[in-house]
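As a starting point, one isolated chain is supplied in structure tokens, in the form predicted alone.
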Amino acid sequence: MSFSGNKVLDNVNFQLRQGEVHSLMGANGAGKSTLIKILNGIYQAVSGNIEVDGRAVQIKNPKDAERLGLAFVHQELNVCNDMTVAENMYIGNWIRNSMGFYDRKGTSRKAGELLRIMGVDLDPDMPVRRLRTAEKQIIEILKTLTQDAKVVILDEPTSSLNEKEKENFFGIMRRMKENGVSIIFISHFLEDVLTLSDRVTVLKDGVNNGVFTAGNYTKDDLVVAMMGRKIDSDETKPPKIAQNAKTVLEVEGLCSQKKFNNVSLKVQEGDIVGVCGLLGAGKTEIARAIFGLDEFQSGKIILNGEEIKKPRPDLMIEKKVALLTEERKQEGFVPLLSIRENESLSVMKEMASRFGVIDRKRQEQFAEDISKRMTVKMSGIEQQVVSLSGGNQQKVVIAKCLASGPKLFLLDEPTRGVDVYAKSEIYKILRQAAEEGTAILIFSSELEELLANCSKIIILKKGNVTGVVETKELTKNKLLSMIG
């Protein structure tokens, strides 16, 4: 399979046994999602065969895959925003009454039972539009459990789940295995792969690069197979803050009805501060309020000593504030524009003449340089961003934000869907930006990365700040108990 002249899959082989969890791993752009979309009939492979139960099959569209007993959760969410949680979970399989009509109450009741088993506190009758990205991802996972599937394919299903939700989800996967369901599990979370997998197949640059059996490999073995090298643990070090570092952002008693209450925090020049909490703790909502995307009822936002009474995105951008949003696909980039155009969106004025004409050569050189710095895997800077893998799309969005030279950088789940090597590269770039004086505030559910890269972590519980802790005093287990 090739896109824009870039070969994504080259003679790839993969086998799945009944009742096993077989993980599929690889760096961003290795071909994992493409392989899955071929199994779902979204793409048609140029060559090769697919067999189900020893019988050769043709999968020309998603309906063919469904008939063969294949159920999918894709990395890019596929929910109907104007339907309820229950309707999304049972879409195509709604409960019907004795007359054959849709039974709203019955569907809601069944969905409520499944939500309770999963340990998810969601109203089955709530419109999905009102949910956050992480909650929508849970709905996508639960949707596969309502289908009578032989094979469930999960593409980055745990990227938005906290530790407790992961534990519940893993329990459901084990019960599915016991019932003979086979699972293809795609993830960049090495701990999750080690916990769940019977076998692991690694792809590297679109070709097979190893099959590993449970108990016979380590995290380092997987990293080397994916990247060709180990990740140096010395690459992650919390920043050292100058004693006279000025305060760039100060938030005092910020309140927003039903979202967060009396939030206070401070970020200094050159510092990297983490904000950590369970799903629904208010991380995303606080980031959006600071940037001016959402309103707040009371409190103060002080930027470089100046109170910003009514923050707006255009005003905050003017004051050298950048926000990397959680909603990469909807808010992060323009899908049909090229990598060159997306990466230079935040600096278009600087690249234009006084008559407003863009200096194309300067723009091209800029895009080439920042793409190389961000290690974007692409056929060239004219490739449309929509055709990149999810992790490479994220790198383009981060590049766009960093291009403006922000003095304050707010990042909401910055490494979701990004491979282990790219994560280390992104954090290296963020530490570099901090060394150059940028104040960085990371809203994340990835505890290990916060511990490795932040000087301190702000603990959020149900919209309230319950503590600010120096990372040198913390372990992962201690942090888990604080946010739980």
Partner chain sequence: MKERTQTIKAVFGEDIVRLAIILLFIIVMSIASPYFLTVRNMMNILQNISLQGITAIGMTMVIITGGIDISVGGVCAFTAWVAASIMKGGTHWVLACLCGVGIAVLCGAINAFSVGVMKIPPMIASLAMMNMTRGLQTVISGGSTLSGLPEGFQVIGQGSLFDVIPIPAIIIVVLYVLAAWFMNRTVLGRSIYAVGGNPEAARVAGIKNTRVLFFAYIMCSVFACIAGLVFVSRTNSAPSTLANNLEMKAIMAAVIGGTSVTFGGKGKIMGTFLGIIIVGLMTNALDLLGVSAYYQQFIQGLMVLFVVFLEAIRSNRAAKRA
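Everything quoted here is computed from the prediction, not taken from an experiment. Numbering follows the first chain given and starts at 1. Under this definition, the rigid core comprises the largest set of C-alpha atoms superposing within 1.5 Å between the forms.
Just so you know, the form predicted together with its partner chain exists too; it's not on screen, but the next bit is about it.
K.L.:
My question is simply whether Val120 lines the interface with its partner chain in the predicted complex - judged by any non-hydrogen atom within 4.5 Å.
P.N.:
No - in the predicted complex, heavy atoms of Val120 and its partner chain never come within 4.5 Å of each other.
K.L.:
My question is simply whether Cys80 lines the interface with its partner chain in the predicted complex - judged by any non-hydrogen atom within 4.5 Å.
P.N.:
Judged by the heavy-atom cut-off of 4.5 Å, Cys80 is well away from its partner chain in the predicted complex.
K.L.:
Does at least one non-hydrogen atom of Ser346 fall within 4.5 angstroms of its partner chain in the predicted complex?
P.N.:
Yes.
K.L.:
Is there any non-hydrogen atom of Gly180 lying within 4.5 Å of its partner chain in the predicted complex?
P.N.:
No, Gly180 is distant from the partner.
K.L.:
Have a look at 92 to 100, 309 to 317, 129 to 137, 199 to 207 and name the one stretch with heavy atoms inside 4.5 Å of its partner chain in the predicted complex.
P.N.:
So the stretch in question is 309 to 317.
K.L.:
Quick one: of Val334, Ala214, Ala242, Val211, which gets a non-hydrogen atom within 4.5 angstroms of its partner chain in the predicted complex?
P.N.:
Contact residue from the list: Val334.
K.L.:
Using a 4.5 Å heavy atom cut-off, which residue among Leu194, Ala352, Cys255, Ile302 comes into contact with its partner chain in the predicted complex?
P.N.:
Result of the distance check: Ala352.
K.L.:
Between 349 to 371 and its partner chain in the predicted complex, list the residues on our side with a heavy atom within 4.5 Å.
P.N.:
Sequence-ordered list: Lys349, Ala352, Gly356, Val357, Ile358, Arg360.
K.L.:
How about Gly437 - superposed on the rigid core, does its CA move between this form and the one not shown by 2 Å or more?
P.N.:
No; Gly437 is a residue whose C-alpha shifts by less than 2 Å between this form and the one not shown when the cores are overlaid.
K.L.:
Quick one: once the rigid core is lined up, does Asn244 have its C-alpha move by 2 Å or more between this form and the one not shown?
P.N.:
No: Asn244 shifts by under 2 Å between this form and the one not shown.
K.L.:
Core aligned, does the CA of Ile459 move at least 2 Å between this form and the one not shown?
P.N.:
Shift of 2 Å or more: no.
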